Ligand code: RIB
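Take a look at this one chain, the form predicted on its own, written out in structure tokens.
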Amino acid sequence: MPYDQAVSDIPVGRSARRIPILIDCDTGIDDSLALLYAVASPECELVAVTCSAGNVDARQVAENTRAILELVGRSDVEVAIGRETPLARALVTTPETHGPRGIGYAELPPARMPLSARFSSDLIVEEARRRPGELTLVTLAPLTNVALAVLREPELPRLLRRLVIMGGSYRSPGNTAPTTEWNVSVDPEAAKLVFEAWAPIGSAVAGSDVAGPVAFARPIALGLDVTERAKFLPEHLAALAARAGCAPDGSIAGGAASDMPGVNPVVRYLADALRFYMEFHSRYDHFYGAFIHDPLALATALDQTLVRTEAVTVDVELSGRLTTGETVADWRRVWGRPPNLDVAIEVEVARFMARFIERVGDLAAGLAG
């Protein structure tokens, strides 16, 4: 489907029930794109955003998150900060990937909206208790906040409608070490704790998904296996800009958008943030574009038909000399343990990309109007 002909295929009428979403993020560039997608999606009720250290330190994450929400007129969304270090390790950030402030070359006004008085893990637990069985928690960051929430409330897996995780590498190389993905590697103890919290109670039959009664849905995990198929290229950015009503000649896809007078502020942000991200991928991944991991996870939380999953038992390596942080998936069922994750193995990239361009382009156009 041509990008400029993308059409929404999720009908959301005035009376349609929206999906309550709580996002936990470490707002770097692709997290910010996920926030834009959430705001742009009519079926998404964005309940709150919790912030974790990861791509940048937690205070900068909270600043970036609020600034992005203010950019698109959503200063009403509660933003909370959580623990500022991993559970058991020193924090490692990634300025070479997302820039020193986490948003590439983009410049945003300082955030004006106050931070929530609630701590991130408390917010997650309190909102889940307030709306049992309704909330979908989407994690785009190291799982530190979710681990602390589970420690406070062991019933969290039963209180949430679903957990959707961007994290891990299940059938592909890693992006941090040869076998490890960034979000899990930053806080592997937290990931292990969360994966174990969602493990079914009951004994499994070897070679089968059969287990004892389970009162909650398995988390959906999107690892690098699928998220690295979502490559956002300069032509995607040009199509989005054109849909937003600017730069129909595609010039927005190169150069500094801040130097172009009259550019839509959302498109300007995207162009300047993504230029840094694309330069990073050009150096390390040998293509000029960007993997947009986090928007794909958010889109999947809203529409699970975007991916096909397989139930599998996953554990996290904590002490390997070369493999600490690896998500070890038991595809052959040799452990004889019941599956604890629904791991995405296929994704409809074209449908997702068309939807992203349509929705975020229309959001930008509406804000400029």
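Keep in mind it's a predicted model, so treat the numbers as computed, not measured. Note that residue numbering begins at 1 and tracks the sequence as displayed.
We do not show the form predicted in complex with alpha-D-ribofuranose, though everything after this point is about it.
For the candidate set L296, A271, L140, A149, a heavy atom within 4.5 Å of alpha-D-ribofuranose in the predicted complex is found for exactly one residue, namely L140. Checked against alpha-D-ribofuranose in the predicted complex, the candidates V267, I103, L224, A128 yield a single residue with a heavy atom inside 4.5 Å, and that residue is L224.
Of the heavy atoms in E63, none are within 4.5 Å of alpha-D-ribofuranose in the predicted complex. alpha-D-ribofuranose is not shown here, and in the predicted complex it never comes within 4.5 Å of any heavy atom of T179.
alpha-D-ribofuranose in the predicted complex is not approached by S116, whose heavy atoms all lie more than 4.5 angstroms from it. Contact annotation: E326 falls outside 4.5 Å of alpha-D-ribofuranose in the predicted complex, judged by heavy atom distances. Heavy atoms within 4.5 Å of alpha-D-ribofuranose in the predicted complex are found in one stretch of 83-91, 237-245, 105-113, 286-294, which is 286-294.
Applying a 4.5 Å heavy atom cutoff to alpha-D-ribofuranose in the predicted complex picks out M166, N175, E181, W182, N183 from 166-188, in order along the sequence.
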